[in-house]
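Listed next as structure tokens is one chain, alone, in the form predicted on its own.
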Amino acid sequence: MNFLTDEYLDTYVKKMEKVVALRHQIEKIVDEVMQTKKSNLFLLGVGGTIAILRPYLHMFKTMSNIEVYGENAAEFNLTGNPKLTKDSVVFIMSDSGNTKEIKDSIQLIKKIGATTIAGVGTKGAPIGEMVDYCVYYTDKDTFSADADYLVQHMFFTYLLYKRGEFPNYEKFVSNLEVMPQALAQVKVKADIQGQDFAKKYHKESYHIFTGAGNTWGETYCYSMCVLEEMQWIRAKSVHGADFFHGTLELVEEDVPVVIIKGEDESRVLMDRIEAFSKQYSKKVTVYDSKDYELKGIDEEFRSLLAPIVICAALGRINPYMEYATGHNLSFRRYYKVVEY
């Protein structure tokens, strides 16, 4: 069974091109927000949305001196953060635009008077109406969160550029314009690995997923949002820096280990885990952004784009896992079905 058709790829490229075309809208928002002095930046989400914000916490940590905080909305609603003031900017992600915890957070943030910006995947959703600025990116891929990353990359690299911390922004954006085609080719190559992974491992009762650096968020997101939520498959996600402090003792020859490798400074951590895991498990899978050509993308930006590449690649597991398990990706028994 092959789920990657020419029609799918053509539709995918057109969707991603529409997302990249949001660039000028995004730049205008950042320009307006930057007109007044802002003290710090908050990245706020919950579940998958806070997971896919993690690459940008890493980005600011390694590329900027701006004060940045990552907040899980559910926890923030209970604890708050004294660093949040009227001079703060809060960036929010929500696919549905109707996430309860995030709506509650916005109400709290409004009382403080901070500026709110949201990326929302559903046109006209409540969160988009609640915030000060919103970008709707409804042209999404069925099997991956590539559009989320493209939107966030444009927001945060332009913010760095405005701060004088990313002088190659214009060159970077010209690279983003060819990313839809490059990502389509990632999907073509990753499709074979996705088929193979689903065929081999769809009956496994337990998986270890591990990643680090700017691909850690996608590692965590995929194991939680896809395997656990969408397929009811038990998965442990562990940061590569912590792998040798507990998780290594769970590695046996019949335990599947999925190793996610990007191209930043964390790669050395994942090389070490790969070498160890292949000694003791016969079920090691490696997803490495270096394996993909990314035609038209400059070498200097490959590391920065690794989260999107990994997302596009992992997404090709989804249709084959759904087919192998017979479990529809959209079926839930609890999530947004029952009260909890």
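In case it trips you up, residue 1 is the first one in the sequence shown, and so on. Note that the structure is a prediction, hence the values are computed from the model and not measured.
Missing here is the form predicted together with a further copy of the same chain; even so, the following discussion is about that form.
- Judged against a further copy of the same chain in the predicted bound form with a 4.5 angstroms heavy atom cut-off, the residues Leu78, Gly246 and Tyr334 are in contact without exception.
- Checking Lys103, His239, Lys110, Lys189 for any heavy atom within 4.5 Å of a further copy of the same chain in the predicted bound form turns up a single hit: His239.
- For the options Phe172, Tyr220, Phe156, Phe91, the one in contact with a further copy of the same chain in the predicted bound form, meaning a heavy atom within 4.5 Å, is Tyr220.
- Just one listed stretch, out of 124 to 132, 189 to 197, 148 to 156, 93 to 101, contacts a further copy of the same chain in the predicted bound form at the 4.5 Å heavy atom level, and that stretch is 93 to 101.
- Residue contact check for Gly262: none of its heavy atoms lie within 4.5 Å of a further copy of the same chain in the predicted bound form.
- Proximity of Ala184 to a further copy of the same chain in the predicted bound form falls outside the 4.5 Å heavy atom cutoff.
- Residue contact with a further copy of the same chain in the predicted bound form: Ile66 places a heavy atom within 4.5 Å of it.
- In the predicted bound form, a further copy of the same chain lies within 4.5 Å of some heavy atom of Thr62.
- Residues are counted as partner-facing when one of their heavy atoms sits within 4.5 Å of a further copy of the same chain in the predicted bound form; in 204 to 231 these are Ser205, Tyr206, Gly213, Tyr220, Met224, Cys225, Glu228, Glu229, in sequence order.
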